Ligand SMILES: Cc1cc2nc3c(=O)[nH]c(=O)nc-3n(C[C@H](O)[C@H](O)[C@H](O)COP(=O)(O)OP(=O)(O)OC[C@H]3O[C@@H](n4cnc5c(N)ncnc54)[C@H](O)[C@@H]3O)c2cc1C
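Consider the single chain below, provided in structure tokens and representing the form predicted alone.
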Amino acid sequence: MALDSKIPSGPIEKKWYDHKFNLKLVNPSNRRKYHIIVVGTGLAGGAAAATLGEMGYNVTAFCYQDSARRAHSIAAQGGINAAKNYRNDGDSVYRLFYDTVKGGDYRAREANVYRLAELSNNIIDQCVAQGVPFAREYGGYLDNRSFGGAQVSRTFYARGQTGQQLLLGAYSSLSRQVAEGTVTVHGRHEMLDVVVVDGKSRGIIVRDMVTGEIKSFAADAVVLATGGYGNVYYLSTNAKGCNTTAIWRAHKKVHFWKSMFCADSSNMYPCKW
């Protein structure tokens, strides 16, 4: 099976900007017509569900644990990096990109790492807006420290509780949208399968882990934010729930779909068995 990450073409410093510019936009008054499913309520899923709900979409979020606050995102301690260059020591988006690729032993997907570096500054601003109590200097500015072998001081932190504070910030924003009625959260639900229609995910099958009931939910789009899968390795400090269950089920669905259809450069057509 060929892995296709759908990375846009063009120079690495422009590909994501050009791709985003060429996307079709949804008018704010039309967003209430669309329903989005978010699987996972950790830092990524919780923040995504809260943001999409605040933008006006109808969001249904699914949580493996009994509460979004129990996501394994809480375990991150050291801090979160961003290329804001507050210390004026030569940091930049490209330097953060280079350090991250180098720290990953040059095995990371470079285009995606560059996108991460591009968004890093906005992520810090979003976290601050959500109320994350980052450490601050005497004058009130956000503090930075050197961490993880980086050449510059770019790590934003909240004592030794950065993951917990980030998760509580995302959770508070999510709770606000739940109260507003734009987001519905289903706790103790496990994703069993992804519903694919014409090559696009249009819903999920879940199991209520309390009653055992199997349910189906349809949507216009599905966001998988199911976390890491460190426990596929022999040694891991991840929680036991980080076991690649959801991402493996999505992978099997994509593999099955591609086995049912043959693709040429212009369209998709059923294979001849």
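Start at 1 and count along the sequence shown; that's the residue number. Since the structure is predicted, the reported quantities are computational estimates derived from the model, not experimental observations.
What comes next is about the form predicted in complex with the ligand, which does not appear here.
Out of the listed residues 127, 82, 174, 71, 71 is the one that sits within 4.5 Å of the ligand in the model of the complex by at least one heavy atom.
Note on the partner interface in the model of the complex: the residue among 153, 77, 112, 92 having a heavy atom within 4.5 angstroms of the ligand is 77. Only one of 26-34, 212-220, 242-250, 49-57 places residue heavy atoms within 4.5 angstroms of the ligand in the model of the complex, namely 242-250.
Three-residue candidate spot 96, 117 and 123; no residue lies within 4.5 angstroms of the ligand in the model of the complex by any non-hydrogen atom. Mapping the unseen interface onto this chain, residue 191 counts among the residues with a heavy atom inside 4.5 Å of the ligand in the model of the complex.
Using a 4.5 Å cut-off on any heavy atom, the residues of 51-72 that reach the ligand in the model of the complex are, in sequence order, 62, 63, 64, 65, 71, 72.
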